[in-house]
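In the block that follows, a single chain appears as structure tokens, in the form predicted alone.
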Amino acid sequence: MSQTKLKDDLARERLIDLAAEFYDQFEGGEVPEMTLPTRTKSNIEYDEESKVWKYGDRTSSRSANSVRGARKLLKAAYTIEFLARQLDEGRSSTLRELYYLSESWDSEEAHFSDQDESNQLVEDLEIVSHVTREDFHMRPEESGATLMGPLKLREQTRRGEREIHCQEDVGEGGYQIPNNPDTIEFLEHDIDFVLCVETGGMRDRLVENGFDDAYNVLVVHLKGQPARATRRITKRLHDELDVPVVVFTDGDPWSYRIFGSVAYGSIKSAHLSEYLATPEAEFIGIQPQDIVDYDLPTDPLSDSDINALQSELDDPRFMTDYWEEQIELQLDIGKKAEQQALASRGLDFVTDTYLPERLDAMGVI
């Protein structure tokens, strides 16, 4: 039996076990309920040992002892039935389709009121079953994130396996990361490090300038706030190929949080932090010090930027001498800059000077 079939069977078994728990509770004269970690900011803890966000000890229940709770369990039961059937049939669907599919369910009480409700229920099922939504064959809408660099991989597709080299067998757009990167097998590589890039414009500049060839780097396009699949494949690349990961973003508080989600995980996906986060990742984005040293073109910090920076000073992920110094400097100068601002020194400056100097100082090259 293939690994994919084994994973599908395990996911289906755990879903059925959840439904069986509801049945057993009914049969035993108990009010059915489902217990989950309380999914609030106050119940998120930064684990110093693993360097990722995790849920704390507080829990809450979805119980049928109220009309609202009973509706939630009814929707969970319908969703479990749908997902189990989907796994049986070897099919998949998107989170958006699940929301619309509920309109066809025979009980109006099981219909979702909006997509946020259906998304949250899928996350609930992930938490209680210890199975990811990718293994339920649930897909987000396309993220479009890509890889470009000296990596050969084997991908499982509906038409069977195929081997792809992420430079030789792809166009300028690169290899598109699939929804479930665990279906990928890394075959061989010449990667010296992984460079995660926030913007498409900078990703294209690096590829056009041949940076991936010159430095044996695998360029991962994050496409803004990275999708789960992007964070998962980044973690796998680091852990399985034993290569450094660096994150290249704009110089603003929201981009620092993009780095934080790659390195330490996010509050929204705290139940999957050890599956998605790469705590060893390092920041190589535009620093406030770069704005000063290179006299980069800038925009003024907005009030929301200032509030976000002040919030990051109290964020455990950024409580280091480096980050405190850079954030204080940014608040002092009142400016932010994009990656593309490096082009003010020439189109080749980022690949010929800026990145090589930063990477050398960090000991990556």
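Here the structure is a predicted model, which means the values were calculated and not measured. Throughout, we count residues from 1 along the sequence that is shown.
The same protein has a further form, the form predicted together with another copy of the chain, not shown here; the description that follows concerns it.
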Contact segment among 67-75, 257-265, 149-157, 185-193, judged by heavy atoms lying within 4.5 Å of another copy of the chain in the predicted complex: 149-157
Interface residue in the predicted complex among R133, R228, H271, R205, criterion: non-hydrogen atom within 4.5 angstroms of another copy of the chain: R205
Proximity to another copy of the chain in the predicted complex, single hit among Q289, T94, Q120, S107 (heavy atom within 4.5 Å): T94
is_contact(R162, another copy of the chain) in the predicted complex, heavy atom dist at most 4.5 Å: yes
Partner contact for A341 in the predicted complex: another copy of the chain, 4.5 angstroms, heavy atom: yes
F82, heavy atom within 4.5 angstroms of another copy of the chain in the predicted complex: yes
Any non-hydrogen atom of D124 within 4.5 angstroms of another copy of the chain in the predicted complex: no
Site test, E103, G171 and N179 vs another copy of the chain in the predicted complex, non-hydrogen atom cutoff 4.5 Å: yes
Contacts with another copy of the chain in the predicted complex - residues in 200-214 whose heavy atoms fall within 4.5 Å: G200, G201, D204, R205, V207, E208, N209, G210, D212
